[in-house]
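Take a look at this one chain, the form predicted on its own, written out in structure tokens.
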């Protein structure tokens, strides 16, 4: 319990540091939200001054950060300058879509990665060549190839993710599943070489473990050795990699969302960065940091449950 309390305290300190650093960097960058608005001939100077008075940019950096912390404790994370809505409401509409896309891509990468990484013989050599080929191709290029193929085949339709008010139906679910295939496939292909590489390296190291050698010496069937000795021996680095993948659920899909037009956090954060909507950017980065901390915590819990040596050290 003390270890868990210490981890939670460290996580809160990390989130505070991330928010302070992000807020300071955005405030130190040249220009602000009103810089481009001043160049618009259709907006009068009186209107601009009134908008600036509402945001009160004359506050110091420390005062603005304290004001933002108060809004974060209230749960709204301040108001968006470009959308004129609480940031929390904007994020809540899109986080579920981002998590849906990222989880589908992560699940596909792990299923394919485990199946291909556990191969043996000539097929394992072929998998290594395939992995090296994927390593050499940047993920944006792979996503663009999939997007161009979809456009050529006329399979790319406008995304229709239902809102909470509209509700879900079988037709919505079928349409969403079809639209989710290409962007999740792009994410899975980008993450697949990492999973295959770690699975193959973990299995190679596990086959040389003393327990595996003893099981072979006793003449146990290979399937039993694989399931009861090799895979548990190779599980620790794979669990750590899985926790890292869970932690990057919000950040890993940003490029794919923008490219495929998926209505998630990617487009919202990109637009907020371009127009310098500070509250949205800080809240989005903070959500990504929360997921990263949660992924690491999940990996630690799974390692604690799986490996008795870790439990002994913790006690």
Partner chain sequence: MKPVLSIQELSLDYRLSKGKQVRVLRGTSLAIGQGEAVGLLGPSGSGKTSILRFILGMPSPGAETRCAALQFEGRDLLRMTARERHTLRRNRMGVIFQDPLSRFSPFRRISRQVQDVFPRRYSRIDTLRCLSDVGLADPERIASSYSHQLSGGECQRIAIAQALVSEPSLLLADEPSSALDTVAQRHILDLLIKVRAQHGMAMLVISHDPATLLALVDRILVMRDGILYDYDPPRSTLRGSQRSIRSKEIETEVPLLEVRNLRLQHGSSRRWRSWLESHQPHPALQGVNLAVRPGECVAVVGGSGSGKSTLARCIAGIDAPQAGVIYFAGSPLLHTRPLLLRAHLQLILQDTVGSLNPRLTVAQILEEPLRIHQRRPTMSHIQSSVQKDTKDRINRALAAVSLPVEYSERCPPQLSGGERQRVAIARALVLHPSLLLLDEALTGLDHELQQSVLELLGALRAQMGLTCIHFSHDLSQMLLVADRIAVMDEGRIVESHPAAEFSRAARHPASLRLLDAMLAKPEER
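Keep in mind that this is a model prediction, so the values were computed, not measured. Positions refer to the first chain, counted from 1.
Missing here is the form predicted together with the partner chain; even so, the following discussion is about that form.
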Checked 181, 72, 134, 220 for heavy atoms within 4.5 Å of the partner chain in the predicted bound form; positive is 220
Using a 4.5 Å cut on heavy atoms, which of 194, 225, 95, 244 is close to the partner chain in the predicted bound form? 225
87-95, 210-218, 185-193, 107-115: which one contacts the partner chain in the predicted bound form at 4.5 Å, heavy atom to heavy atom? 210-218
Residue 236 versus the partner chain, in the predicted bound form: is there a non-hydrogen atom within 4.5 Å? yes
Flag residue 229 as yes or no: does it have a non-hydrogen atom within 4.5 angstroms of any non-hydrogen atom of the partner chain in the predicted bound form? yes
Does the partner chain come within 4.5 Å of any heavy atom of residue 307 in the predicted bound form? yes
